[in-house]
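Alright, here's a single protein chain in two forms, structure 1 and structure 2, each given by itself as structure tokens.
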Structure 1
């Protein structure tokens, strides 16, 4: 076999010095413009460091506003302090998405020997309580992306209940979410538990994003390889879109890849513009992938209808396909039925539609009088074919796993 296919791998980049500095997993040594949020988090956990439970904290902010980075930063600082009673479990709820998984993760973090044995939930619960009680620990449970926990009310109830079963010490919860409607959809009891204290992360403006990018570009790229105008453009695009630092970083790093592919010596505004288009789509697919199931099914219905073309009533404006909201609902109901699931009522459906619009996945507009009275028209913001494929990959795989007994 010739080495040819791998040749590109070893070719030195024209523009990058350390690619990984730009990766989404890289944790920057210092976080810019987040001093006040970091000090609020520290304030919230100070009681825990003294051995008191303090109040639960809820952190809300749009995607890419630095929530995960800041909390990890603070956790690393706590771990450096020796001899504190506070222990932390950072839990990414996308992976640990049920009460059982969260409690298991806590035991595997702190009681690794016990954790291996596949106990039932009551055993795990008692084990955690005894461990906290032993010497009056304060366990801080950080639930990042808390909105994806399937049985969240049970989890919150269990952790609250634990505090009344624990004699000395306690458990404090830090919840983190980027979903706007999360708070209002919560069960009132869970809400009052989780929101004892609330902290909001605002989106970054373009000046802030520029500074964040410059800092990262200085370390990730070779000197002089990124046009300052390109940085400002990437920052402006991301600020205009959502104030998302992850998007800004993704754009500049893709722009670097494009420059390399084309053998250019420098990253300019042109590559940034090209990169921003690619990044936009990538983010949309990721967003669709992480939607709750019912919303995913609605988007799926819209994608199918958009692809089916003329059999369905549609309105063609140039090349855009708009579909009647009522048809989407019918399609969605029949999909859920074929999956042996219950469709949500049309009231929920309308709420989901407005959530999806807010997230930029669909566009809607009200038809004027004449077309079936007043009705809403819906269009996908991204190519339906790709959306359909993305959803089929995740949705049907998950359901297969569930019916094959993919237990807790």
Structure 2
């Protein structure tokens, strides 16, 4: 077989030097503009490093605000310490999305010989308790995207109540979520067992994003291959969108790809503008797919109304069109009914709208007097056609699969 089809794959890049530096998963030695947040994380876990039971810590913030990077940065620093009684399990709850999987991940992290299939949840729980008790260690369980866990009440209750069964040592939880109100979804029994400190990560502004990008570009690209104006443009686009550093990195990285594909010697604003369209679609796809089902249905209702038109008068400011919140709720209720599901109450609906706005998926506007009284108006932050198609490809296929599976 000729290797001609692969010839282009091994060609040296015109612009990239160390492309991995531009990945959102890359953890630099120093995280810019997050010193205070890292300091707060260290303060929260310091008791655990001394072998004392620490407070649980909950971290909130929009996607791309550095939550995971800061936690991983601190974990790496802990691993460099000697003679500490703390052990850490970092768990991506999008993968380990149930109590059983989380507890199994803890055993595989620290007791690999025990981590075999076939053990029930009680056996795994008791083994973790005995392991902590052996030498009075503190287990720090980091639950990234904690709100994705299917049986979150059971998990929180199990981990927090474990301290009552541990004679020496303890378990501390660090939860990370994009949704500041996720705890309100918990059963009161679970909430009552939490004694936590909260930390909110603010979005980056355009100046901060520009500095972050320049730092990565200096190492990720060859010297002089990125126009400074292109860096500022990518930062401004991301800041205007949601202050998402991942989006900024994705834009500049894709701009480099476009330059390579076209055989260009430099990344300019033209490539950044082209890259931003692709990156925006990927971010939208990722954001929507990480939403809980009820929030997906609300976003779907907004997308449908945006495309189909409203029964009521819409408020238009320039090119922005907002839809009445009450109409969105009615559409959402209709969708859930058609799927034989129960719609959440209007109280929960309002909380979900706040969560969606915090994540940058929607924009809201409080109307003044004269527009059907005081009401909230809503607009999608992304093209409704793309949002609609994304949800239809994922949520409805998942429900169809579940229905077929149940019928089998």
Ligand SMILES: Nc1ncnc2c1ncn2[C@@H]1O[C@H](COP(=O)(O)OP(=O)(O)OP(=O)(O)O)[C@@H](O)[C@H]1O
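Positions refer to the first chain, counted from 1. Throughout, rigid core stands for the largest set of C-alpha atoms superposing within 1.5 Å between the two forms. Keep in mind it's a predicted model, so treat the numbers as computed, not measured.
Undergrad: Pick one: is 1 or 2 the form predicted alone?
TA: The form predicted alone is the one given as structure 2; the other form is structure 1.
Undergrad: Can you tell me which of 282, 341, 246, 223 is located at the hinge, considering how the rigid parts move between structure 1 and structure 2?
TA: Considering the domain motion between structure 1 and structure 2, the hinge residue is 282.
Undergrad: Report the hinge rotation between structure 1 and structure 2 as a whole number of degrees, treating the chain as two rigid parts and superposing on C-alpha atoms.
TA: Comparing the two forms, the smaller part rotates by 25 degrees relative to the larger.
Undergrad: After superposing on the rigid core, how much does the Cα of residue 362 shift between structure 1 and structure 2, in Å?
TA: Its C-alpha position differs by 7.1 Å.
Undergrad: What does the CA of residue 332 shift by between structure 1 and structure 2 after fitting on the core? Give it in Å to one decimal.
TA: The shift comes out to 8.0 Å.
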